[in-house]
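In the form predicted alone, a lone chain appears below as structure tokens.
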Amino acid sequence: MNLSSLGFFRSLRKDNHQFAVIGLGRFGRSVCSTLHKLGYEVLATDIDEKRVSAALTEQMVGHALQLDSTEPAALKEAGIFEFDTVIVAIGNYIQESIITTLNVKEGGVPHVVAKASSEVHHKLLKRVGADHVVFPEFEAGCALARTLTKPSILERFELDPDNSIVEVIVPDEFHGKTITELQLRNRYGVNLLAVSQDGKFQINPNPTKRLERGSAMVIIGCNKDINRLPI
């Protein structure tokens, strides 16, 4: 997530319990299933009747309809325009994705999230009014590349292009040393937020705590400084 996304997420209603998902491919199904398991009401649509039937059979949504989302009248009749948040999960059919996003925005939906399959697709979705665009294949590829080159970094949350919060395996060089002895801020320019112990994280650990090989620690800092750690 970057700072440009903050405005969108701040504008989401915290009391919203209903979502509409257009497109029941892998991405759309994942969104539907997760929202449904979290207890939210989900209306799913797809042009393919088999996908709609499968979603209902697998009970991953409360309601599912077969419709052509490039037709504004079909979206209106289905009540899509009445939702506060709509996810356009059509990624591989660019024309349909763009037309659907335009239809939903022109229908008055305040929060529209759309899936992009390329950089050009991303730009076009923003042009027609998408409030937030996700690029799952690109993000997954970047995450995989980082994992392959920095296997000690278990998780990474990018605050912006230059700064991150990372969960890393405690390096051998830090084993047996206290947080005070390591002087992470002075030596590397990073701050320690938490360390793991017995399967749980201790937030703001005591400076006298000794780190153990194989455990994990959570660090915040600029990417250049994080890369200087012996990980």
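The first residue of the sequence shown is number 1, and the count goes up from there. None of these values were measured; they are calculated from a predicted model.
Another form exists, predicted together with a small molecule; not displayed. Remarks below refer to it.
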Review point. So which of 54-62, 26-34, 174-182, 159-167 is the stretch with heavy atoms within 4.5 Å of the small molecule in the predicted bound form?
Key: 26-34
Practice item. Give a yes/no on whether L67 approaches the small molecule to within 4.5 Å in the predicted bound form, heavy atoms considered. Key: yes
Exercise for review: Answer yes if any heavy atom of Y93 is within 4.5 Å of a heavy atom of the small molecule in the predicted bound form; otherwise answer no.
Suggested key: yes
Exercise for review: Considering only heavy atoms, tell me if V86 and the small molecule come within 4.5 Å of each other in the predicted bound form.
Suggested key: no
Check your understanding: For I47, is any heavy atom within 4.5 Å of the small molecule in the predicted bound form, or not?
Key -> yes
